[in-house]
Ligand code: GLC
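Just one chain is shown here, as structure tokens, and it is the form predicted on its own.
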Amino acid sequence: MKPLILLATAALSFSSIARSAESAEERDKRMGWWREARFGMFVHWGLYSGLAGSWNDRMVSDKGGLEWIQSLVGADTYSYAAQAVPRFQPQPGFATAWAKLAKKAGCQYVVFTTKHHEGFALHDSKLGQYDAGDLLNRDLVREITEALRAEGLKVGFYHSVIDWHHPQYDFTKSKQLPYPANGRKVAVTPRDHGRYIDFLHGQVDELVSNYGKVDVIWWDYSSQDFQGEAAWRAPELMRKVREKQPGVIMNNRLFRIPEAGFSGMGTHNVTGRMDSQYGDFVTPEQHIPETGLPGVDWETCMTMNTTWGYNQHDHKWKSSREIIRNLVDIASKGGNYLLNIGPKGDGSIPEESVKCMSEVGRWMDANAESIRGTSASPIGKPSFDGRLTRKGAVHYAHVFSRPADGVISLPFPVRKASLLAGGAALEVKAAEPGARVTLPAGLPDADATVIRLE
């Protein structure tokens, strides 16, 4: 065992040295665009999308998690592929529609699934045949990246380190990571997980070598009993990625330890810690931390209904008002919002998602200044119903509802106040310890009226 221990220690030390070589100024420069963006679009799309929440033509669930449908029904990889592959038929131009919707909504970057847990790769991989190149004669990753860049959007690759298809992925090494029940039954031969790690590294190398500049790598995911060096040779994997993509920003999910932002297996089990050798940002899922995560970079990822992958039975859609206020809340705490769409098997986007993103875009057209490039408000939650963001000496008050007296109180001096949309001046009066601003008789925007405060 000693050589393995020494190898692991050396890899960790190398990673630490590589990350410590980056100065604070260099890190700030690398992270700059991401911190300024505040809003990105997540896309979960794979074979599961064509199944649309059904198995054997029967509904599996009307709730979330249908990108995990293979695990939910327990299907082995061959039975799964027999039903899923014929239903995954991307239409021409799907990627352009995604990119235009993200741009319209006011997003600055898009992160999409290059491979989810099912193991099906959307690129034309030379390392296997369970990919879009072999089964569809298309390179979907190339189609998507080209469409995103045409709209001036940053490109992010989600990549699952779990793989329910690969014959050497050793699911027995973790009691916490999911694996389809019938897949366990047919796995009768011993598995060499080291060979799977070689495959994982090889496919990632294809992704970071063949598609131009990659701005984000979004890993998913590890467990407390299987993570990091032992599970994925993570330090080496990260080093290889940075060699090919020195400006890339990576999340924390190759690890599941407190130093990497995790205190447990639940999606709410996040910490305010992020040692840079384990990644660049913490990833709260489906929730917004009450006070943010001061001192670390973080990004809340969230669905529009309850599922990541498309489920025709899930109709629990969030309103555009809830999405807008989530975006405001997250920005007021110094985080990013990665909002998911789950396209259908043909790549088309559900009508509800298009409508919601378009409405968010209309709000962003008028108010993006109060979101992009802002930092967390030092005030926390204000006394009125709303949130505050800050950009240098300027604050932005996002008012959700009008107080009975039509006045909002601020704990800092205000020289000038105006509606961000339209620029109409508002009355300001000094008051200890700061100022009082009189709102219009009716709020111009019922979702969030933004007041620019100088």
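The first residue of the shown sequence is 1; numbering continues from there. Model, not experiment: these values are computed from the prediction.
What follows is about the form predicted in complex with the named molecule, which we do not show.
- This chain appears without its partner; in the predicted complex, the one residue of F120, Y278, Y80, W308 with a heavy atom within 4.5 Å of the named molecule is W308.
- The partner is absent here, but in the predicted complex a heavy atom of H44, alone among R402, R35, R390, H44, sits within 4.5 Å of the named molecule.
- At a distance of at most 4.5 angstroms from the named molecule in the predicted complex, all three residues W218, E285 and C301 contribute at least one non-hydrogen atom.
- Although the partner is absent from this view, K333 stays clear of the named molecule in the predicted complex, with no non-hydrogen atom inside 4.5 angstroms.
- Taking non-hydrogen atoms only, Y169 never approaches the named molecule to within 4.5 angstroms in the predicted complex.
- In the predicted complex, no heavy atom of F255 sits within 4.5 Å of the named molecule.
- Using a 4.5 angstroms limit between non-hydrogen atoms, Y158 touches the named molecule in the predicted complex.
- You can rule out all but one of 112 to 120, 375 to 383, 94 to 102, 323 to 331: in the predicted complex, only 112 to 120 has residues with a heavy atom within 4.5 Å of the named molecule.
- Along 66 to 101, a non-hydrogen atom within 4.5 Å of the named molecule in the predicted complex is carried by E67, W68, in order along the sequence.
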